[in-house]
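We begin with a single chain expressed as structure tokens, specifically the form predicted alone.
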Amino acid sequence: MASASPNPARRAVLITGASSGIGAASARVLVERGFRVWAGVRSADAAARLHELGEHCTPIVLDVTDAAQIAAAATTIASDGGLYGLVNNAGIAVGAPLEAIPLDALREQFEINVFGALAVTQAMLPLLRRTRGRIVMISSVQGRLAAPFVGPYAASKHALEALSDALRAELLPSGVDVAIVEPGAVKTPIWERSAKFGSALGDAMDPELRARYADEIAMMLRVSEKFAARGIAPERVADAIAHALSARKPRTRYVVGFDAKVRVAIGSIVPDRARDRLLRAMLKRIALRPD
């Protein structure tokens, strides 16, 4: 990676979804690298776990779908000296055949991954303008290349990438930069939660649809389990986030993980219909691979 600026002198960064996975790893890595971290969490238990990071990490109650909590967080951070960086990490992963996905579940996917990220960004931008700061959007390789049966999640990440690209251009005169981080499979609880949703959806599905998609749903449950167990460490993603926040010239996109880089390469050279067949074959191979 390109050279980074020296000691960030405890510049303040807000991370949403900091209770586990990429968010928790990022809080730890950024504190170690000299940042002052506001760690957005939704529960007191999650906040208690973050106190071990010391005085330079402050948990703050922040549900990205709650306008009052977002406004309160902005007021608290402003009164403490302002904000240099925002890491929009909070998200969920909904996986299901698009023919069968309940629209309320799809709306929730967008409410958290897209509308929540934009709501927090809107609230924090006045603070970020004052410091000519940075915004880091945590997307996914799915935001570049959608795989079958994770369409709801992929669609939310495609939308987040479009918002990020537009926002980066809109904020150019203000000096606030926007970077997108695109991991592949990461060893986080998000895949376990996604698998539980998929299993519950399969149980509640119309019998005809359940019969049609039974094999595919079983395959995706196995793939989710393997991603949860064998994905890259979230600290790898946290390293990319730290670079995006501290580099003199950050990248606009960070593709993290070998599988993500392979997927991006496939998307750039393989025709769409051939890619569809290849992705299905790859998922089946992952599902059938011995533990």
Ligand SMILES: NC(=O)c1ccc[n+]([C@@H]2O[C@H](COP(=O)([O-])OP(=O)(O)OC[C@H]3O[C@@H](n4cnc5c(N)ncnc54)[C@H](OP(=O)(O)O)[C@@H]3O)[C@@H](O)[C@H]2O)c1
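Note that residue numbering follows the sequence shown and begins at 1. Note that this is a predicted model, so its numbers are computed, not measured.
There is also a form predicted in complex with this ligand; it is not shown, and the following applies to it.
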Which one, Leu83, Ile138, Ile135, Met220, lies within 4.5 Å of this ligand in the predicted bound form by heavy atoms?
Ile138
Identify, from the list Ala146, Met124, Val178, Ala90, the residue with a heavy atom within 4.5 Å of this ligand in the predicted bound form.
Ala90
Is Pro189 a contact residue for this ligand in the predicted bound form, using a 4.5 Å heavy atom cut-off?
yes
Arg193: heavy atom within 4.5 Å of this ligand in the predicted bound form?
yes
If we define contact as a non-hydrogen atom of the residue within 4.5 angstroms of the partner, is Phe197 a contact of this ligand in the predicted bound form?
no
Please check if Leu201 has a heavy atom lying within 4.5 Å of any heavy atom of this ligand in the predicted bound form.
no
Any idea which of 246-254, 262-270, 57-65, 30-38 reaches within 4.5 Å of this ligand in the predicted bound form, heavy atoms considered?
57-65
Even though the chain is shown alone, can you say which residues of 14-28 have a heavy atom within 4.5 Å of this ligand in the predicted bound form?
Gly17, Ala18, Ser19, Ser20, Gly21, Ile22, Gly23
